[in-house]
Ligand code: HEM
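Encoded as structure tokens, the following chain is the form predicted alone, with no partner shown.
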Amino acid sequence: MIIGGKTWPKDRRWIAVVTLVSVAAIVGYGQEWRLTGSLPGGGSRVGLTCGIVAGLIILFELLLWPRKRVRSWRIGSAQSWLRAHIWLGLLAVPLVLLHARLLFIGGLLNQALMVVFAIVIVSGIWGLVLQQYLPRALLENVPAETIYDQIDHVSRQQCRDAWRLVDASCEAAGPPAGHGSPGGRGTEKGLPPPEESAPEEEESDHAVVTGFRSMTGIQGRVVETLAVHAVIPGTAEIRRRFTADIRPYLLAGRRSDSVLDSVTGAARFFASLREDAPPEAGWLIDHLEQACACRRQFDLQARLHRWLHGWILVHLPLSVLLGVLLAVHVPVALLYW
């Protein structure tokens, strides 16, 4: 959730409420401290009040997950719940500290409760900070963004598209099996079979490939139809280097440990490829270079996605554990009050 900008009026009201309640709790705590001459504990009037309010806030925080999962709930919008989740969670921090006698806490249960509470708050703040920057970084640096779960599928499709062009335009390194002339749709070792790479295109002089275009600030994937009139002489090296270097990178990305994973390494690679290829193959090399650049964006998207969502793996289970510990803490505290 982004804080600020268009949401600032709503956030400002929440900030005012959190500040006023926190100040009121601190003033009341200080007043009782002055009257009693000792730090008020969880059983004091202020400490007990802060504990009850903090406990109710924690219970409300735990309701956010079922609110997201159960779409039939019509109690406020998801954005309103998330905003309340953030600001009430921050409000719980001073209330819990006052209830716990400023961290002068006692038994093992109380210590475990405070440690888990601290980790939940810190992980939540970390996630909130990431949400302020990573979506913008994703938008600016990954114009070819696709659905995260579909990255491998899209990469395989992109590899098949590139193979269509290479197979239709480049000389073969040797006579392909089942064909008497170079450049046919033969199957080379490790490449997609003909029926997977170019179905229904046996005699076509065009190759239909997916691409990416960014124009006038509008970004999105496009479908291109590239004319392939004949095999380009002197392009056997492009086919060879596609098989050896480009294809593994398009399929595996940074896991391939390829020089193409680096912008500078890819620039040197394709500059060398252009030196060894005829000028007529420049458009093909440009397309292969664009495909590799798109794969680098997919890898960056995957990394940013893991950063953006990985904190939840800590925050959510520990929030549940916090609720369990709170459920144990309440009857135990009442028993020894």
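Residue positions are given as counts along the sequence shown, with the first one as 1. This is a predicted model, so every value here is computed, not measured.
The protein also exists as the form predicted together with protoporphyrin IX containing FE; that form is not presented, and the subsequent description refers to it.
So if I measure heavy atom distances to protoporphyrin IX containing FE in the predicted bound form, which of the stretches 248-256, 263-271, 144-152, 83-91 falls within 4.5 Å?
Result of the contact check: 83-91.
Counting any non-hydrogen atom inside 4.5 Å, which residue from I285, L300, A293, I312 sits next to protoporphyrin IX containing FE in the predicted bound form?
Here the answer is residue option I312.
In the predicted bound form, which of the listed residues (V115, L109, L128, L97) lies with a heavy atom within 4.5 Å of protoporphyrin IX containing FE?
If I apply the 4.5 Å criterion carefully, the residue I get is L128.
Should R34 be counted as a contact of protoporphyrin IX containing FE in the predicted bound form, where contact means heavy atoms within 4.5 Å?
Taking the distances in the predicted bound form, the answer for R34 is no, it never comes within 4.5 Å of protoporphyrin IX containing FE.
Taking the shortest heavy atom distance, is I58 within 4.5 Å of protoporphyrin IX containing FE in the predicted bound form?
Yes.
I'd like to know whether V17 contacts protoporphyrin IX containing FE in the predicted bound form, with contact meaning heavy atoms within 4.5 angstroms.
Result no; V17 lies far from protoporphyrin IX containing FE in the predicted bound form.
Find out whether any non-hydrogen atom of V120 is located within 4.5 angstroms of protoporphyrin IX containing FE in the predicted bound form, and reply yes or no.
Close contact exists here: in the predicted bound form, V120 approaches protoporphyrin IX containing FE to within 4.5 Å, heavy atoms only.
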